[in-house]
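Here are two versions of the same chain, shown separately as structure tokens and labelled structure 1 and structure 2.
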Structure 1
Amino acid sequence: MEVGKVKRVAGPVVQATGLKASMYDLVLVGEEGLMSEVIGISGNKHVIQVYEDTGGVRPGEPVKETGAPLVAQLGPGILTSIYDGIQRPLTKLAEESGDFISRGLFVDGIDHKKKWEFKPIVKKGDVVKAGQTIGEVQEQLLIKHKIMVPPRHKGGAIKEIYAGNFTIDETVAVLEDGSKITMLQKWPVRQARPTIKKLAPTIPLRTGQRVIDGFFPLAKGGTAAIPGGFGTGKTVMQQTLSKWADVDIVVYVGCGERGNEMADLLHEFPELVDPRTNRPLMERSIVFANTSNMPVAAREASIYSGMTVSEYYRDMGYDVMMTADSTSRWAEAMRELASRLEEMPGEEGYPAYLGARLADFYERAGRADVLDGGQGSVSVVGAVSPPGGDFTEPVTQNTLRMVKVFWALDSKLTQRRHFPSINWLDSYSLYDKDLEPWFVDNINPEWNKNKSRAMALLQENAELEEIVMLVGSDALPEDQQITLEVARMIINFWLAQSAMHPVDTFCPYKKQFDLLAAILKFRDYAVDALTKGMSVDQIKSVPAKDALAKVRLESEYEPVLQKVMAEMDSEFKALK
């Protein structure tokens, strides 16, 4: 390996001479061996971005090559980890350097000493191909980690395969051609891992959030964007999703996020109990935490590290949800590095390749037939934080071109403490049509009908509210006043959902359907009562209406709802 020399240092960008490294190769800069990546080559000069603070680095210091690009270490032991942007476990970093992160630390992404019990599922003589599972490790109580032949391996017949306890570096199988297979794979983070083929998005990803599942569903393997200026409840949304989405593995990438919020997450996550299994949620989670004050180049890499780990679990046939919070901070990192490189800026100072990079990233999502033969998915929820809430800015625009679901967080709703603050008029889901058959077959044939009815009411409500702003609600015809009231019920009783309330935080499909059906039933009663000559005030003061508001807070809601509906029936009948 060549050793070059530092020529120039300006912030996180270093120029060096005397290297033979290729683009994106990992190199170690300076006496301290700071982890860095080659991001440009011109003449005999290599341009290098350093993942750590460069204070004190001098011209003339050595630059060592490693001969490989930045890779993620993949194998048993990834789950429950909390990493920085370049897959260094934060707890290990703390053991090495204390409460503050110092420089030049090398820590493996997974424990190389720990022994795992490997159970082969193929036997001597079987022919295996790239990506095929040859054995399993019980990584966590409920998660089996499949040990696969690495992708792009030429495969072959098994010559030897061993059962027993091994570290990730020890050989667990030998193929006829002599190649050895261990439980450790290394994969360059900037490259997508291969699959057989991507599949259509026809299965919904259940989140237990009424406004999402009911109105703007995400498909397994789908991509969604949460744009929101600061203070729109974006982070709470993403954390709620991590807790409740029905996926096997959750990968959370905190890219340029706040330290205290990461602390909150790291504090809360291990305490969370998976509602389906009663096991800690952390057992099926991986967190990448690169806060805004940690080095900018590592922030840029964190998204790729997270995606590579997600794809690895997808390849085992799992459903993975990757949350990237936030891609704007990631784009910001790209912009900062581009400006340090004195590249010609594109729109608003972002590099011209911003769109291409975002597209590359979102394209790595999807449900797929994996090499192993099963199916797995990576769903991506990316947050964008447009400056000043301006959706026309380049990161939001480029993201919207790529993603299929848009949950428009609205600061007006936050101000009214309406959560989740997803604006029901501006949001959309392009998976709507793909997913409709699933809801009809699995939940209720009326699912789509009720949804359209509710949406139409909200739409009408928005138009009526403009008139109300001018003339007041009393001036409206009575049937429109009822529409306003029913829309208000949909908004307050159904769309609003408290992430803090132990029951309301998760709403199963059937409950979502029943609650909405009950509100629509109220409308039927109300319209009927109007035609019988009752006044709007009479209808509005039906006690069952207020009782309906609190049904969502009940865990055994069905008897309560039945009772409320029975009361509603008799109360409307009693109106004179």
Structure 2
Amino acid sequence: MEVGKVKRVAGPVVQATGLKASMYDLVLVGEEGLMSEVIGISGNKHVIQVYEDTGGVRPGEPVKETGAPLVAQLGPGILTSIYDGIQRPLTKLAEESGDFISRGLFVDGIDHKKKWEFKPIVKKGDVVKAGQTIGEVQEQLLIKHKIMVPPRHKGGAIKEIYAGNFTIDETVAVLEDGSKITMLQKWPVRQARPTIKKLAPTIPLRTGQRVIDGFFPLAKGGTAAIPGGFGTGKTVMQQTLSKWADVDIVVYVGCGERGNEMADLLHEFPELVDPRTNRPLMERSIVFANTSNMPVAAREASIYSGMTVSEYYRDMGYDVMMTADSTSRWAEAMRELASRLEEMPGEEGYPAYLGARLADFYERAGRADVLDGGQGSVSVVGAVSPPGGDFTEPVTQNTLRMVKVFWALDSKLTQRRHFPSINWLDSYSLYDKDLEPWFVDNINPEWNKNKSRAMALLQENAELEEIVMLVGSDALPEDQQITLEVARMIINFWLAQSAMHPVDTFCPYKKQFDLLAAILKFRDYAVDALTKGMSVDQIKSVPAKDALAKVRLESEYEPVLQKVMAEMDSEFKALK
């Protein structure tokens, strides 16, 4: 390997000479061997971004090549791990150097000494191809880790295959050409793992959140953005999605968040209970933690590390959800690096290739036929932290060009203690048409009709509220007063949902439909009563109306709802 020399140091960016490394190759900078990556080549000069603090590095210090790009180590033992941005386990780093991470410290992403019980599912003489599963390891209670032929391997006939306990470096199978297969794979983080073909987004990702599932659904393999200012609930929303989303694996990337927030998350996330097993949610989760005071280059790499691990479990046929909190901090890291590289700045100082980088990231999501023959998906939910809550800034606008679901968090709703604080007038989902047949076939043929009716009422309510602020609700016609009341019921009884309530935190599809149908049934009763000469005050005083609010808090809600609707029917008939 060639050894070059440091020529210039500018924060996390180093110029070196005397190297033959290729773009994105990993190099070790300085006497301490700081982990770094080549990001530019000009003549005999290599531009390098360093994943660690460069304080004390001087011109003339050595730069050593490794001959390989930044790769993720993939194999049994990834689940339950908490990594930094370049897949170094934080617990191992703490063991090696204490609470303050030493520079130049390298720790493997997976334990190479632990033995796993390997169970073959193919036999001697079988012909295997790239990406095919040859055996399984029980990694966690619900997760069988499939040991696959590496995607770039040409495959061939099995000459020998072994059963028993092995480390990830030991050979578990030998092919006829003499090549050996272990339980460890290494994959460049900036390169997407291959699939046979991407599939249409026709299956919804159930979240149990009424405002999402009912109005702005996300498809499995889909992409969503959660933009919102400080304190609007982005992190709580992502934790709720991690807990309740209909996925097998959760990958959480904390990208440049404040240290105290990340510390809280690292304490709280392992304590979340998986509703499937009543065991820690961490057993099927992976966390990448890169705080705002960590080097910006590692922040930029953390997104790719998380996506590569997500794709690996997708290749096993699992549904994976990756949450990135937040892509704004990732973009800020790119902006800092671009300025140190003296690149021409784009809008608000961000690099001109901001949109291209965001597109590269979000396009790696999707539901696909995988090489093993099954299907898997990676769904991506990216939080965006626009300065001052300004959705017109470049990161938000470029993100909206890539994603198909927009959950706009509203600080005004937060101030009113309305959660989730997703603004139902600013948000949208472009998966509606693709998912409509699934809801019609699996939930109720009236699903989309009721959804359209409810949204129309909320839009009319927004227009009427401006008039109410000027002249008061009593000045409105009676039918519009009824619209205001029904919209209030939809907002307070249906859209509002407590993440802390043991029942209301998750709402199944059928319960969502039944609750909304009941509210719309009240509107039908109310309109009918108006035509018969009843007053708005009489209609508002129907006791069963307010009883609907309590139905959502019932675990066995159907008999309660039936009773409330029967009472509502008799109460409206009794009006005179």
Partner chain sequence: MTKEYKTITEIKGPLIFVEKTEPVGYNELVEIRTGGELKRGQVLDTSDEIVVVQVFEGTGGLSKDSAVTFTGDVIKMPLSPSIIGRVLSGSGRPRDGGPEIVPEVLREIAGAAINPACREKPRAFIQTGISTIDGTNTLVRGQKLPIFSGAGLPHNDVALQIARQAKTLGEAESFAVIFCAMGITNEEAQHFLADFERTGALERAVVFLNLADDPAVERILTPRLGLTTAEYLAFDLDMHVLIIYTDMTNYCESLRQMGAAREEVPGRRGYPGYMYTDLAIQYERAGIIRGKKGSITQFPILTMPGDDITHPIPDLSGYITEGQIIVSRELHRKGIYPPIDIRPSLSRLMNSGIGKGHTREDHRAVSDQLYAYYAEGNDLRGLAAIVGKEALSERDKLVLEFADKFEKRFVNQGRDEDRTIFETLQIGWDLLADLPESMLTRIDDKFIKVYHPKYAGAAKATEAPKK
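The term rigid core refers to the maximal set of C-alpha atoms that superpose within 1.5 Å between the two forms. The first residue in the sequence of structure 1 is number 1, and each one after it adds one. Source: prediction; values computed, not measured.
Colleague: Tell me which of the two structures is the form predicted in complex with the partner chain, please.
Modeller: Pick structure 1; the other is not the form predicted in complex with the partner chain.
Colleague: So that I can tell if K20 moves, could you say whether its C-alpha shifts by at least 2 Å between structures 1 and 2 after the core superposition?
Modeller: Comparing the forms between structures 1 and 2, which are aligned on their rigid core, K20 does not shift its C-alpha by 2 Å or more.
Colleague: Enter the rigid core superposed C-alpha shift of V560 between structures 1 and 2, rounded to one decimal in Å.
Modeller: Comparing between structures 1 and 2 after core fitting, V560 shifts 2.5 Å at its C-alpha.
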